[in-house]
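Two versions of one and the same chain are coming, encoded as structure tokens; call them structure 1 and structure 2.
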Structure 1
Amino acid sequence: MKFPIFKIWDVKKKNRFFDKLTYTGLLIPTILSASFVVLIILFITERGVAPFLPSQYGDLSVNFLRFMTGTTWYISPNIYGIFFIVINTLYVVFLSALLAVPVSVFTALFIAKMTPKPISGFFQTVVELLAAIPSIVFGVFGLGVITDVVKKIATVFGMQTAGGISALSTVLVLAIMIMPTVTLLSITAIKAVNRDMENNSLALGATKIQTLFKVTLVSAKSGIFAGIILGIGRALGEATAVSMVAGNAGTGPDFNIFNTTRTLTSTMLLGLKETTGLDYDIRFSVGVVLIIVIIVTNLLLNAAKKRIGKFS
């Protein structure tokens, strides 16, 4: 029994039309998805540029040069300075990376190369769970535990802190938050290293540790570095947890880790409940600076990664 011929033909035409429709139809959500990046850049820049334009704010507009070079965040009514905040942010992120990277790499080595499957699976789950903890919870933890720890450390050094709220707390919290990212990516990089190379090293009489450090880590270098870049990117953008333990110092830059500090993100969140007008819009300007800092840092680090890669 053949299908009635005319029926097939109708359906075929419909199918073909539907196919073309689907193709165009699928393009729309794709373009939409791709457009958000553009929207972000456009609209945030638009709002962020406004405080500097006399056409928007008249006499109350902010002086751009003072903004970019200032060492005090806010002097009423319209003097804002962001320079020291950028320095503080980079300082705090750099320190947290300094702390987190060794711990992450060692943990990755441990999980990937030094433990049998069930144990390494357990520890990997531990790291994945840490990665899943939202930043607000780290903020609560930071305010509740980390600040106490910092208070104790401060007394050991004979320093004063504002109840533990300090740059050091920020560094510790950030280190905890980027450790899972760097660890997970390092695990992937380390696992991808050629087993034969490692076996060769052992066969030449090297110890396990020598092999791990001289062969495995060296080969996994670029993957690990990629993880570090990702982690640093996240640290730069981390807002909630940081704003809870940083303290929002008004001036700077300040390199004393026991003093309060301020990051670009904490500036954006501080006092958001009661703001309108210029104080609200200036946060968009800070946002623009944040985006620029992240992009520039990424470019610089990626360039460094390429150069290191050349030497392997």
Structure 2
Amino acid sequence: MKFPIFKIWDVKKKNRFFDKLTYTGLLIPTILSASFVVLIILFITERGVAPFLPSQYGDLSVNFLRFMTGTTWYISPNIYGIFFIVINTLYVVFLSALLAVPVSVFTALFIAKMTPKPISGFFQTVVELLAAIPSIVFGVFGLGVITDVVKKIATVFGMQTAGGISALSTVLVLAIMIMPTVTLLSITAIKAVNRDMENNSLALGATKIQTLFKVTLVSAKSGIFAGIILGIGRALGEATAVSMVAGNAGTGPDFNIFNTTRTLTSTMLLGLKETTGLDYDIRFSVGVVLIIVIIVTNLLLNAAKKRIGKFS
């Protein structure tokens, strides 16, 4: 016959066992996920360092300082420059975020708070479908529609453009691509705002619009900013659609939105037509720079998010 105290002890031992089992079961996929990221970075870095090593390419090895500060992509036989491409990438992504974020946030606010549930559900489904469209489809749409629009805009302003292929086309395509991500996360953040806060604002005499902009959006700012971070991350990493509408500018930086441009991702994609050689390996060097740019951008945005979160 067991006393109650022994039964309690047995239950505690079983609970501790299952806790450890659950912990181990969750730890394994976490380590696997982190390992994939580390392996990818190591692989790209190993290939990306090769062009700068005399032991790999001898007299054809690339000068690292010239590579990082160059304003011309390629001069035969082994001179590469990436500085202007980094500037072009940040410039295009900044403009696309500047265009997409306000539209996305206002769309999220309208869907989450200003429409009846059936209509809200319909609009949210449309946004989700937009988020599921493959990159190549955005690229085809950009090449067939957006470039034509940009060409007409350039004509109105008396500017020349390469058939609409330009930085502006790239900005518009990226803006359309990141809108669904920012919108969906903003909807989630806005719906999570405590209704009591909104009701208190209305009770104090604020109008519905004042409440939505001064209470709801302010309270949801952390979640909205998380959506912006993910949207910018997608814009930085997009290759296929960008390559189809950006052009292939060989020098820069160029801040004329009607001229062709070149981004880090388009540089990588457009050059991966061989399987060996200096011109192939240098694309991995560009990939290393892209990873660094993404990491630094995310760190800065997260720091800004924490800073903004301190203010009500």
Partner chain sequence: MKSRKRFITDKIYQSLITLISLIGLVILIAVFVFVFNKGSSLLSWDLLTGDYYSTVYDGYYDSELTTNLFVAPDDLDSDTYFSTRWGIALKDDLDREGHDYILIVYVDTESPLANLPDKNNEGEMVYMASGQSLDKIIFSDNTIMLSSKGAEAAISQFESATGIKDIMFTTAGKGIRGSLITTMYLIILTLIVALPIGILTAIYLHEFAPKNNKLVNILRRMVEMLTGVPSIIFGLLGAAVFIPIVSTVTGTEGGNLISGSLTLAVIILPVIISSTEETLKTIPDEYRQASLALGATKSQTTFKVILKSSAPGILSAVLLSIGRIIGESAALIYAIGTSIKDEIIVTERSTSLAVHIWSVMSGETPNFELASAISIIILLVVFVMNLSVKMIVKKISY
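Because the structure is a prediction, the values reported are computed rather than measured. Here, a residue number simply tells you its place in the sequence of structure 1, counted from 1. Under this definition, the rigid core comprises the largest set of C-alpha atoms superposing within 1.5 Å between the forms.
Structure 1, not structure 2, represents the form predicted together with its partner chain. Once both forms are overlaid on the rigid core, the distance between the two CA positions of N302 between the two structures is under 2 angstroms. Superposition on the rigid core between the two structures places the CA atom of L21 2 Å or more away from its counterpart.
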